[in-house]
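Read the single chain below, which is given as structure tokens and is the form predicted alone.
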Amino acid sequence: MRATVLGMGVVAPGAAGCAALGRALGEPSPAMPRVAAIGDEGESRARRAPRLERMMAAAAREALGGRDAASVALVYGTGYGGLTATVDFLEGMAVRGPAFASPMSFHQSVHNSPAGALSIALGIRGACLTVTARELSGETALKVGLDLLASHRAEQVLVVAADEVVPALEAGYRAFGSRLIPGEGAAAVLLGAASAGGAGDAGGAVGPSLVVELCALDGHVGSLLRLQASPEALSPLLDLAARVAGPEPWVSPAPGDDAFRSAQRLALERAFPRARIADDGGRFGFNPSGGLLRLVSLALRLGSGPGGAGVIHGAAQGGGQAVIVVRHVAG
């Protein structure tokens, strides 16, 4: 299923909004992939909302750019959900006992709670789905959005992916001996059928010239807490992307440890010997929503360059993979 990108939004480390991210792409990545500014600081309602919901709402509003969202379908992807609320709830249980567990923290810790809050805030009355697929949650949400369009369950789909980092998550990475640096942020893309009209005044929009041509995923095949470190295992999905994207795309590699990056480099060189590399792993960190964040980043690069195609490679611990192909075509 090919789909037109009608609008984009992003809240990323060092960049709140697509314009800010576009400027930041030419600068060094932040020292740590953490979001310092969300861009909604002037909204009174934002002060009462959980941080994760604030990030996804800011990205979603930018992607919609003032469009009426009533008939839009929403697909929300998250790997970890509302970690701040989850930690608050579990710590309350552990320290004070079940009688003192916070109902509000429990409600906000449920993975699909942010999607419900966002649909109410935006007035969405179409399908509302939550997707969680570990470190491929952004890519899986995009695939579900494309499937909704292909099955004519929706004419437009707002795909949002968001995750946050809390000290407990960092401690968990260290406890299992991982050297990966967890990242956070939110991204949103508004999708329509490939024949859809222009993006109008949608914020962050790149118009009908940007299309998603492929979103493919491969299942987990290895050790639960390890990334796939074999070029032969990485190559089939990358070869599929190469057949769609052509010989000289922009390529956004998946972040990972040294062993994975070495295997990925060999597989990328075989599939894309003349690719231009857009390595945003340091900016976004190892983030379950990172696939959608890197899609927005690569789309911004395509929008300001000579055109062509872009490939986003995603990877999850356990061996799962994903590829997304986008193309900047003449309007």
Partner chain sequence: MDTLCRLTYSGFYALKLLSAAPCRPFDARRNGLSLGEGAAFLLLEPMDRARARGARVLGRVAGWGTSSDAHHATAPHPEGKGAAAAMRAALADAGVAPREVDYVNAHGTATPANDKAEALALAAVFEGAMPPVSSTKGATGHTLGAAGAIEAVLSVLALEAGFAPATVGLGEPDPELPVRHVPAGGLTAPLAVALSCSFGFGGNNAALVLTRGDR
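Numbering follows the first chain given and starts at 1. Predicted model, so just to flag it, every value in this text is computed and none were measured.
Note that the form predicted together with the partner chain isn't included here; everything after this is about it.
(message) The chain here is shown without the partner chain. Which stretch in 242-250, 131-139, 147-155, 162-170 comes within 4.5 angstroms of it in the model of the complex, by heavy atom distance?
(response) Going through the listed ranges, the match is 147-155.
(message) Check for me: heavy atom within 4.5 Å of the partner chain in the model of the complex, for each of Leu90, Pro98 and Gly116, yes or no.
(response) Yes, each of Leu90, Pro98 and Gly116 comes within 4.5 Å of the partner chain in the model of the complex.
(message) Can you tell me if Gly177 lies within 4.5 angstroms of the partner chain in the model of the complex, counting non-hydrogen atoms only?
(response) So Gly177 does not count as contacting the partner chain.
(request) Verify the contact flag for Ile120: yes if a non-hydrogen atom of it lies within 4.5 Å of a non-hydrogen atom of the partner chain in the model of the complex, no if not. (result) Ile120 belongs to the contact set for the partner chain.
(message) My question is simply whether Cys215 lines the interface with the partner chain in the model of the complex - judged by any non-hydrogen atom within 4.5 Å.
(response) Taking the distances in the model of the complex, the answer for Cys215 is no, it never comes within 4.5 Å of the partner chain.
(request) Would you please decide whether Val110 lies within 4.5 angstroms of the partner chain in the model of the complex, comparing each non-hydrogen atom pair? (result) Yes, Val110 lies within 4.5 Å of the partner chain in the model of the complex.
(request) Report the residue, out of Leu210, Ile124, Leu83, Ala254, that has at least one non-hydrogen atom within 4.5 angstroms of the partner chain in the model of the complex. (result) Contact check passes for Ile124.
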